[in-house]
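So this first bit is one chain, no partners, the form predicted on its own, shown in structure tokens.
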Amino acid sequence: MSHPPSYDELNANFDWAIAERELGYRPGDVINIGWMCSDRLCRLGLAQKLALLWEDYQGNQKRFTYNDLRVCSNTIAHFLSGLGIRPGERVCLFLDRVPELYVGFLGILKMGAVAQPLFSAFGDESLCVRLKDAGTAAIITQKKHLHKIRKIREQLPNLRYAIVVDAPQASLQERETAFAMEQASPVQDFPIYPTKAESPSVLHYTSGTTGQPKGAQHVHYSIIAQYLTAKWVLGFQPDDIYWCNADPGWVTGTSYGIIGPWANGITQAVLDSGFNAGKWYEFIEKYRVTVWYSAPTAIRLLMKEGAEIIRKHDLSSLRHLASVGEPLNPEAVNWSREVFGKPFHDTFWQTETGCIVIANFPGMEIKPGSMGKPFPGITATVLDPKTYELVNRAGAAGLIALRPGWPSQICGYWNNAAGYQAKFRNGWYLCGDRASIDTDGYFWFMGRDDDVINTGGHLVGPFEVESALLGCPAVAESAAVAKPDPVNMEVVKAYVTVKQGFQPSDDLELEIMNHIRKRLSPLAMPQEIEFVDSLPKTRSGKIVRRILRCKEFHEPVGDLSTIMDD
């Protein structure tokens, strides 16, 4: 098997037109993500290739070819059009990871509406905020989630239909409609709505680690970047079986759990089940997964379970491992190399970027703890937080900034033009994170801009402290935040959860302090460690340091609508 091109080879003479040509798109053409991810593949001779291998927590299985995707998404598009849903209106997908979620996403886009995926574990208040803000016209859901919608329906005058995929019409109320995908008359031909590059496609609400969640508006042209980044960063090969852990309620689950793999004609496996190390390894073994895209939170949970359980499974099919969501600690990279025989490759991007913008590419030397290098076609740098000028000194920290204009950049925030404009300075898009760049061009994450700790005028990134803590045998998860200090303005405080078999105590705190003292500068050393049962997280699994920081400064925490335990 020939070696894939190196990062430098990919970077040389790069042009996004590479993806346009491979997808058969010319500027000005109709471009529709729903059609691109189903009908186009059938025309290329992949009609009978498996597109989706689905299994739920009870072991029930379903399989869909690319032709099944084409027909089922046509059927859903036809049904929505028949209800009077118009192009440009928002249709919410509020489903567990059932096939209707994936196929419905394509169907909504085919008929020109805007897909609004929301995480099905949201409570009624979190749901209401997002449906009200978007003026959502219809919501596709399951019987188990109907009670949340019924509770808030009177507050949502724009919501004309709740479409239920697993209940008979007789059990439903007014403005509720049954739709059974497998019982509906299949629609072989559906006139695809002629969306263009700038036509709205997906409305994703940010996980809200700071302030109110914002609706990030994506466009159909985003597939150009999602297709090529998936192909190059995830290293897709035609016979791959791909597993993305992310729920399509979040941007990773659509960009790389629907669009990226299916635009590439890849077979993907989906497990509709919560975290369970044994079940996950069994799933990889059963479906012979070759490419696995996971998250640091999940990887830390797997580390917590230990290596013994891994030895019970044949995971030799795995060829490439990648991670996204939070920065990947060096310990996780080294652990995966040890137990899987290959490292997880960290990737960096956001809801607003729509695609991977900085990554550790296949074949690239991995520096554990580094985000990697910018994707070809992405101009990335770090800026001085006060002047927004380039930071020219290697290793000096600054704000991560991207030159606007890549294909999957959002076109704005829904109903929030000012919030979108605030993301730009001096011709750069600001990611809201701090990092440094080393002499080899690798980026090193420090933390969210508002998470960085200013101790005596020196900036300390929480990631550095947390990585040191995770190197301790007793520590399962950690969060480093600022604590007010009369002398240094702020000092570092660490919140820690411990692994099974360890008990919080003064002796354990001393042991942890002695361990990290060898790895951290005196300024970055925590002045206090507080043991907790769990850390506050968004529903997508990101640690929300803001809550812990507000606790230390006795400040109001603001909107908590996306926190797991709300």
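Basically, rigid core = biggest C-alpha set you can superpose within 1.5 Å across the two forms. Sequential numbering from 1, following the sequence displayed. Since we're looking at a predicted model, the values are computed, not measured.
One more form of this protein should be noted, the form predicted in complex with a small molecule, which is absent from this view; the next part is about it.
Note on contacts: among Asp240, Glu477, Glu490, Glu326, the single residue with a heavy atom within 4.5 Å of the small molecule in the predicted complex is Glu326.
Residue in contact with the small molecule in the predicted complex (any heavy atom within 4.5 Å), chosen from Thr455, Ser467, Ser199, Thr252: Thr252.
Although the partner is absent here, Thr381 sits far enough away that none of its heavy atoms falls within 4.5 Å of the small molecule in the predicted complex. Taking the partner from elsewhere, Asn276 is found to have every heavy atom lying beyond 4.5 Å of the small molecule in the predicted complex. In the predicted complex, at least one heavy atom of Thr351 sits within 4.5 Å of the small molecule.
In the predicted complex, the small molecule lies farther than 4.5 Å from every heavy atom of Ser336. Stretch 445-453 is the answer when you ask which of 130-138, 267-275, 445-453, 177-185 has residues with heavy atoms within 4.5 Å of the small molecule in the predicted complex. Relative to the superposed core, Glu282 undergoes a Cα shift smaller than 2 Å between the shown form and the other one.
Core-aligned CA deviation for Ala180 between the shown form and the other one: less than 2 Å. Note: the CA-CA distance for Glu490 and Asp384 expands in the predicted complex relative to this form, by 3 angstroms or more. In summary, the C-alpha positions of Glu490 and Cys431 converge in the predicted complex, ending up at least 3 angstroms nearer each other than in this conformation.
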